[in-house]
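Just one chain follows, in the form predicted on its own, and it is written as structure tokens.
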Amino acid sequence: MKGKVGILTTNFFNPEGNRIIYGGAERYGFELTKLLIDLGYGVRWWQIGTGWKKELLPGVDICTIPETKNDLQTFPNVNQHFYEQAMDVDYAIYFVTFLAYPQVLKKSISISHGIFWDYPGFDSQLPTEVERKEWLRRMHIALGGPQKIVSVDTNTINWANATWPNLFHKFEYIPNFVDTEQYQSRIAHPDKIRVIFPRRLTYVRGLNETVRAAEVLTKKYPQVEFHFVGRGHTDQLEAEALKWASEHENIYYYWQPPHAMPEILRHMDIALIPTKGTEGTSLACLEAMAAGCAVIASPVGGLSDLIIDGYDGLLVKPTPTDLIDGIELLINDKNQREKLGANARAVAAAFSMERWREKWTKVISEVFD
């Protein structure tokens, strides 16, 4: 074994340990763990929790830190516990950039999954100028500590370069991945146009705007279906989504594990990624592209690294009106729909799993070997 890698995150499971989170970052974590194992490293994860311990993969433990305090959008107490508990590991990966504050292990990497302070309401959590300046100071420390910062998008790198030019050498751009081999050609349904929202049920992902669009467009176009496919943060939220969908014709809610998504996406025509903030190079977007769906996304975070407006998708503001207009355009223009989908499928090949693994392997060898 080359050595032990400790990875610190906030939540892979919920803090009680009884509900796994099926989000893009968590799937990223699975693949990163597999890569490290393939390269000959031992891996152990730490997250916020109530004292339980689980296996993420055979031989890969998730340990918990019973500390939940969020201090100015950082977790210094969690960072300190990890620093003390991970003394037997050789290398560290801080799975979210702010977890690298205030201290890091000597040989360490942090990951930016996209800017997380661009969502509506973030300023309300740091209401004073003093608090905002302190948060910015902590971010500078968090970015300055690790030897390398892997950023999944160029948006974060551009912001950091403009804010702290002296950090430019820290960043490595490694966009997210899609396993294109899992995605076969789409199955046409001539009498239907199927629209999918393949995201978690959160407002920051554009859920409320998509709900409005679904209600309007399914009434106007009887051939249009909307499929909401993603988990909510609680069983109650999922139950409410199921009840709402059952009350509307041609609107469906369900969720499936990640490995089932290639087959689901084969039957879809249009995919919606109307994020309002905290977005990198979205795995959901890449999967929809690989499946040949016509993608409608917002120009937020790393989505503009994936979508060229009018070529492999449409970029629209994440408002109900703009979303409805974009969907309606593609409902009524089959040629445009098919052109965007074909181009999206071709572009997705540039974000292959193989390329992602190669770039990560290079960073790991530079920092850990």
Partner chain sequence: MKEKAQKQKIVAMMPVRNEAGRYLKEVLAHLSRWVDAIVILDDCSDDDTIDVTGHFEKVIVYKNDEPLFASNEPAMRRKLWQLAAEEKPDWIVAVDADEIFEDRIINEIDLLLDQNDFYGISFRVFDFWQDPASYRIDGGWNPWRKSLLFMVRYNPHLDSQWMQREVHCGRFPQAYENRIAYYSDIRVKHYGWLNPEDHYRKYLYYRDKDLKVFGEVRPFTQSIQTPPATEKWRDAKNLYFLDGDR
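Residue numbers count along the first chain shown, from 1. Just so you know, these numbers come straight off a predicted model, no measurement behind them.
Keep in mind that the form predicted in complex with its partner chain is missing from the display, and what follows is about it.
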Quick one: Y183, R231 and D235 and its partner chain in the predicted complex, is every residue within 4.5 Å by at least one heavy atom? yes
So which of P127, P222, P165, P257 gets a non-hydrogen atom within 4.5 Å of its partner chain in the predicted complex? P257
So its partner chain isn't shown here. In the predicted complex, which residue out of E84, D88, E249, D123 has a non-hydrogen atom within 4.5 Å of it? E249
Report the stretch among 36 to 44, 320 to 328, 296 to 304, 51 to 59 that approaches its partner chain in the predicted complex to within 4.5 Å, counting heavy atoms only. 51 to 59
Do H267 and its partner chain share at least one heavy atom pair within 4.5 Å in the predicted complex? yes
Verify the contact flag for K243: yes if a non-hydrogen atom of it lies within 4.5 Å of a non-hydrogen atom of its partner chain in the predicted complex, no if not. yes
Any chance R200 has a heavy atom within 4.5 Å of its partner chain in the predicted complex? no
Would you classify K148 as touching its partner chain in the predicted complex, given a 4.5 Å non-hydrogen atom cut-off? no
